[in-house]
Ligand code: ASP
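Presented below, as structure tokens, is a lone chain in the form predicted alone.
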């Protein structure tokens, strides 16, 4: 395929609502065979692209996605990287933002589009949003501007909006506009025309070999603060055997209770080698540790600011870094850096 004239796109079907059709014999929804995708979306034949598809067997409900599945996706991209101009991953919506975030950290030096999409209604239903999502995701994955891929990064396309994968979070279980990028501008928007916003898109400075990171350490936890949180609960988490990283979802701009026991428990966990990342519970905005007294003491204890990172990106970034580095100092240093455009 080195001398191909057609633009080629690989569709990777992992599972999820988008790939379901109604089985008249059982009355249930069943996964379609993606080798016959054009039977369900005949519009694909009009593209003129060289489309190939690969399907997970068995397919995975997005609730069952884990780092092993992320590695499998990354390996498919790695093995096919030189043969295709772009990639479209069809995925369930529930954990799509986690997968997009994970892949953004795994695929270092990515210079081609990896577009995740899915749907709220199965592609076999008349009113499905999956058909438009799939068609446009393929168009974006194949788009070339000035001889180069238009969006060479891991993205989510959903309901006429293209967002950076590690800046996106699922906001609705019901509406077609299910995804939202609270702290970063859209990369593209679809109306009568497909409009790209070039300034927010990340373009590689120079072409480098793709590096795929496949190590994850899942010894992490999330502690969401709430008024009345008690010490037994905090202790149960911070004293979990083998726990290497803890994400604390705090109030507002990174604020937490100033109870003496709370700060002592956090400091004790950090002193024993643990890492704590402070992420806001708010859907938008940033952690600004030290802005108020309630966060200044956490900063003094050694808690790392997550700034404007999403909850999904914080989890996957921490697991990625703990798998990649054995040194606590190196993990903390990298948490403070934007590795794939995940923080401002």
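Residue numbers count along the first chain shown, from 1. Everything numeric in this text was worked out from a predicted model, so none of it was measured.
Although it is not shown, the form predicted in complex with aspartic acid (ASP) is what the next lines describe.
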Choose one stretch from 180-188, 254-262, 88-96, 107-115: the one whose residues place a heavy atom within 4.5 angstroms of aspartic acid (ASP) in the predicted complex.
-> 88-96
Does any heavy atom of residue 250 come within 4.5 Å of a heavy atom of aspartic acid (ASP) in the predicted complex?
-> no
Should residue 334 be classed as touching aspartic acid (ASP) in the predicted complex when contacts are defined as heavy atoms within 4.5 Å?
-> no
State yes or no: in the predicted complex, is some non-hydrogen atom of residue 66 no more than 4.5 angstroms from a non-hydrogen atom of aspartic acid (ASP)?
-> no
Though only this chain appears here, would residue 61 touch aspartic acid (ASP) in the predicted complex if you measure heavy atom gaps against 4.5 Å?
-> yes
One residue of 120, 238, 169, 136 in contact with aspartic acid (ASP), assessed in the predicted complex (non-hydrogen atom, 4.5 angstroms) | 120
